[in-house]
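We give structure tokens for two forms of one protein chain below, kept apart as structure 1 and structure 2.
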Structure 1
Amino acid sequence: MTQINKFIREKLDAKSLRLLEAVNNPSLHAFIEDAVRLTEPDTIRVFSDSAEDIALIRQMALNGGGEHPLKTPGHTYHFDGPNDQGRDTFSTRYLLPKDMELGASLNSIDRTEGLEEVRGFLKGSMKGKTMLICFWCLCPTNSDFSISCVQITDSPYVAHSESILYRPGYEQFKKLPPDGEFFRFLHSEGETDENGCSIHWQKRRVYIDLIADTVYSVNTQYAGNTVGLKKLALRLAIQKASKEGWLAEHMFIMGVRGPRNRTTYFVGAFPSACGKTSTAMLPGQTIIGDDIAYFRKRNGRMYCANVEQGIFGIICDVNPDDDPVIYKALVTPGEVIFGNVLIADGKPYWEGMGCEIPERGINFQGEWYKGKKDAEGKEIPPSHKNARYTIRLSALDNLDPQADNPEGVPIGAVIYGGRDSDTLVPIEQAFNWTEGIITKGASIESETTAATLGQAGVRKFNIMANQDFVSIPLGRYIQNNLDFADGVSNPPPIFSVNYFLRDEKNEFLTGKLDKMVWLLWAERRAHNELDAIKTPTGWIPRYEDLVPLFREKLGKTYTKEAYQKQFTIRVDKLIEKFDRVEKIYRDKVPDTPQIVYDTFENVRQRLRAARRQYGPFISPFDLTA
């Protein structure tokens, strides 16, 4: 039994003391002691994995801890302040020691200076409050994927979110050797206003200490800035993975159903608010995860596991037609947290839900009525574009039976997507792993969304859709992805997808459920069951292979005109894209592997040759001929 320092003991109830004493880990105790001295809570509560403790966290969230009940049993709602509605990529920084180099494209601050600043903001931040200490696990427990974590927070909402999103980790933590590695998260919402929202959002900081596996987060509540195990842990995991030879990715994992009841596991990376959840929740398929995946190699095969056990998903345009599976889960009794939606009469409402929205209610900025304007004269929407729900995967009908397998599942195909209005076709298969990683993953550009603070709709480079979370030099990150296929006898095919292509009238060229057809086509390609059309940048579907999929799976007639518009190769746009991306590597990524430049040049040469033969727009029908 570990001796707990007297000044901490005095703040603990008997059960919490017992739980802490049972963990024999000096660095855990040192981390807690430091956090207590720094934030000065009145009381401290420690939670185990028991159902009783998990229920208590939820109860604390409802007793003034950031959540309120709704009419549907199990449903609650939470608001983040008007200036705290997305990830703050500006104030999220790596604490950079003097001898570490991350390159110009990663946001950092000198470690000594940053620690002083963030710890200054945390000083005394829990006075008069209860500190919660929770233990969770990234990925299934008892697996080579598992990483133990401790979260310290003064927000029961944050702890409750984690209890939904992550596997309990107290028992596993007890089994860690005394010098075992674990991730540490310290969060304080700071002072809050009458609505329970952080007042000092201008002093919001999320600082990542890579050498101590610790993340500090202060004066914020939005889960992307506070829930340690989500994107804060992803940043720590990418560095750990790089040292140990595995990968940590911003990816969903799903089972795609092929012919003869076959299941092929797909992983897919899309920037925030660009389609991971909507893809993983496609009707008729099964979900394993929707946001973060770890990859490991075993016996010449690639495996992946879901880091989470829940979804923190966007609740905008979720309706019975476009997202039937998600919609059903959100109107069924059970544990759901609704964040930043409109509340009226004890019910949640959001934009694009497919029914009438009340003209009054409360939302993220307080009382709301239709036509209400903000300080800048802009009309306030009823629910925020980045409003979110938090739900356990076990509440869904479409959970894959392998979701909690500690071995993970074999990776059958990889897809990379982005919000691209004018360049990429809806789906294309790369010629091989190396070209796929470089021309699909490492070349993603995507228009920004409400998931991060700042202007939306700006085209931005986003390597593997993981740009915001990469914590190693980008060149090394690409090399790690390339090397991951070493020793793999048959690496999975890599595809690019684009759900956001528009026509000259700015209308989307594809419907929201069309992605099912692209995936089912890719599933057959992964098993070498269909031929495809060769373009300068990869393989695209033949018209005749898509027609039956549209008819059988979506009950739609797929016209030649639609196909031609969607799959026309926009040669000049593609050349411009690779020019833009190459410039970023040349200007900002000094450790870019030479093969990246060579591949860009090869692909551009193929594009130029095709332009000479066919002109700047190539119809897919011309290529078949």
Structure 2
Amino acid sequence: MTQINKFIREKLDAKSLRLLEAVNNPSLHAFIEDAVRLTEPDTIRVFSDSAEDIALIRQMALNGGGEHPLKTPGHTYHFDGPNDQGRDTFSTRYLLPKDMELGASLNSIDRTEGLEEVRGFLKGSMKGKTMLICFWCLCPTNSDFSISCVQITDSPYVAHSESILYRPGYEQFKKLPPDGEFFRFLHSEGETDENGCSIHWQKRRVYIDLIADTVYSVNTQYAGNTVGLKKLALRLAIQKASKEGWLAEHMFIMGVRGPRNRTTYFVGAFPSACGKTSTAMLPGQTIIGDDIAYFRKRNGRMYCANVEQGIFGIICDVNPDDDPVIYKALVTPGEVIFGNVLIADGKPYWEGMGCEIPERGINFQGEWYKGKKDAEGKEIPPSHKNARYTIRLSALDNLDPQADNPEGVPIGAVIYGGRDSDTLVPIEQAFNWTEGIITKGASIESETTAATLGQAGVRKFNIMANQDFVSIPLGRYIQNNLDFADGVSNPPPIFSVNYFLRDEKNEFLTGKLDKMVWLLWAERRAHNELDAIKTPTGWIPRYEDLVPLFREKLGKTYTKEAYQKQFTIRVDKLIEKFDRVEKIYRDKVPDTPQIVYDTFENVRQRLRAARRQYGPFISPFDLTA
């Protein structure tokens, strides 16, 4: 039994003391002692995996810890302050020693300087408060995917959110050897106002110490900055995976239903607002995870597991027509946290929910009424555009039965998506793993919308839809993905999808549910059950294979005219795309592997040859003639 420092022992109740003493890991106890001396809490509470302890976390959140009950049993709401409504990309930085370089595209600060700054903000931040020490696990427990984590926070709301999003990890932590590695997170909301929101948001800092596998977060409550096991842990995991030969990706995992009750597991990466959630939640399919996946190799096959057991999702436009499964979970009694929505008469409301929104209530900025304006004269919406919900995946009717399998699930196909109005066809299969990683994943571009930057159609490069979270040089990240196929007897096929192709009238060429057909076609291709048409950049569907899928799955008549418009090869636009992406690599990624440039050139040569034969627009029917 570990001997606990007297300084800490005096702040623990008997149960918490027993729990800490049962963990034989000197690094953990050193981390806790340092955190206690730094933040100076009045008391310390340690939590185990028991249902009793998980329930206590929720009760603390409701008892002045950042949450309030709603009329529906189990539902609560939380408000972040008006200036704490999203991930703070400016203040989220890597702490790097002077001899460590990640590349100019990654936000960093000198480690010594950054530690001094963030620890200065954390100093005494928990005076008068209770420090909560929670143990969670990334991925299923007792698995080669598992990563043990400890979260120290003074926010019951943060702890409650993590109890929904992550698997309990105390018992697994106890099994770690004395020198066992783990991720550590220290958070303080800092001083709060009468609404329980962080006051000193200008001193908000989210610093990631890659040397010590530690994340520091202070003067913030928004979950993307404070629930450290989410995107902050992804940054730690990418670094760890790079050293150990596996992958940590910003991807969903879903089960696509094929013929004869077959389930093929797809992983998919999409930038924001490109259809990631709507793909993962397609009717009739199953979901394992919606956000982050770890990849491992076993016996010549690739496997993946969902890092989380819950969803921290954007609630705007979730309604019974477009998102029936999620909507049902959000209106059914059970554990749900609503964040930054409108509250009226004990009920949550958000924009796009499919019903009339009350004209008065309270939201993230206080009392609200229709037409209310902020200090700059802009009308305040009833709910924030980044308003969120937090639920367990087990609340969803379409949860896959293998979601918690410690072995993970075999990867049957990989898809990469983006928002593109004039270049890529709705779905295309890469010729092989290498071309898939380079021309589909490492070449993702996404057009902005007017709502995001005020100017529509600006293409933003986003490598593997993981640009914001990569914690290693981008060239190495690409090489790691390429090398992951080594030793795999039959690497899964890689597809690109694009749901946003438009015609000359600027109208979408595909319907909202057409993506169902694209994925069902890809599922059959993954099992070599359908032929395909060879283009300069990959394989596309044959018209005769899509017609029955549209008829049987969507009840639609699929015309040759629609097919031709969707799957015409736009040669000049494709050449422009690869020129554009290559320039980014040459200008900003000095360690780009040569095979990336060679692949781009091979693709361009194929496109030029096709243009000489067919012209700048190639009908898919010409390629089958």
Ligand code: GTP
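Reference numbering: structure 1, starting with residue 1. Between two forms, the rigid core is the largest collection of C-alphas that superpose within 1.5 Å. Computed from a predicted model, the values in this text were never measured in an experiment.
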*Which of the two shown corresponds to the form predicted on its own?*
2
*If we fit on the core, is the Cα of His187 displaced 2 Å or more between the two structures?*
no
*Take the rigid core as the frame of reference and indicate whether the C-alpha of Ile362 shifts by 2 Å or more between the two structures.*
no
*Tell me, please, whether between the two structures the C-alpha of Arg570 is shifted by 2 Å or more, with the rigid core used for superposition.*
yes
*What is the C-alpha shift for Phe508 between the two structures, rigid core superposed, to one decimal in Å?*
4.7
